[in-house]
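Just the one chain here, laid out as structure tokens, in the form predicted alone.
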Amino acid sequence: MPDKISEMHAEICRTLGSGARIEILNALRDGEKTVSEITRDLGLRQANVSQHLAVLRQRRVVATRKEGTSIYYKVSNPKIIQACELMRQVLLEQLRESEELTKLASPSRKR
């Protein structure tokens, strides 16, 4: 039976299992933003961004701050961005390796 931390880890992985949520986190990488700013930056529908932010907030991946009528979102812990960046690096390495294998497997060009 998995321990508590493994269950929590799996839950965070499920939460981050959406490309839109990863893009939202990337949009928040340099600081807090409103839903409107995120919507503008990513070119997504406001309702869609709001739904994803609600999930991220429920899982404590993002935190909020209210100022007047605006709600600002930020990544709750900078280590979340570091973890996403590390995974991105792993994926880029895998992509490069795959491209190299494809090149090696391609028939030679005429000389």
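Residue numbers run from 1 along the displayed sequence. Here the structure is a predicted model, which means the values were calculated and not measured.
One more form of this protein should be noted, the form predicted together with a further copy of the same chain, which is absent from this view; the next part is about it.
K.L.:
Look up in the model of the complex whether residue 40 has a non-hydrogen atom within 4.5 angstroms of a further copy of the same chain, and give yes or no.
P.N.:
No, residue 40 stays farther than 4.5 Å from a further copy of the same chain in the model of the complex.
K.L.:
Does residue 69 reach a further copy of the same chain in the model of the complex, with heavy atoms at most 4.5 Å apart?
P.N.:
Flag for residue 69 set to no.
K.L.:
Considering only heavy atoms, tell me if residue 82 and a further copy of the same chain come within 4.5 Å of each other in the model of the complex.
P.N.:
Heavy-atom contact with a further copy of the same chain at 4.5 Å: present for residue 82.
K.L.:
Hey, in the model of the complex, does residue 103 get a heavy atom within 4.5 angstroms of a further copy of the same chain?
P.N.:
Looking in the model of the complex, residue contacts with a further copy of the same chain do not include residue 103, since no heavy atom lies within 4.5 Å.
K.L.:
Do any residues of 13-36 have a non-hydrogen atom within 4.5 angstroms of a further copy of the same chain in the model of the complex? If so, which ones, in sequence order?
P.N.:
Residues within 4.5 Å: 13, 14, 16, 17, 18, 19, 20, 22, 23, 26.
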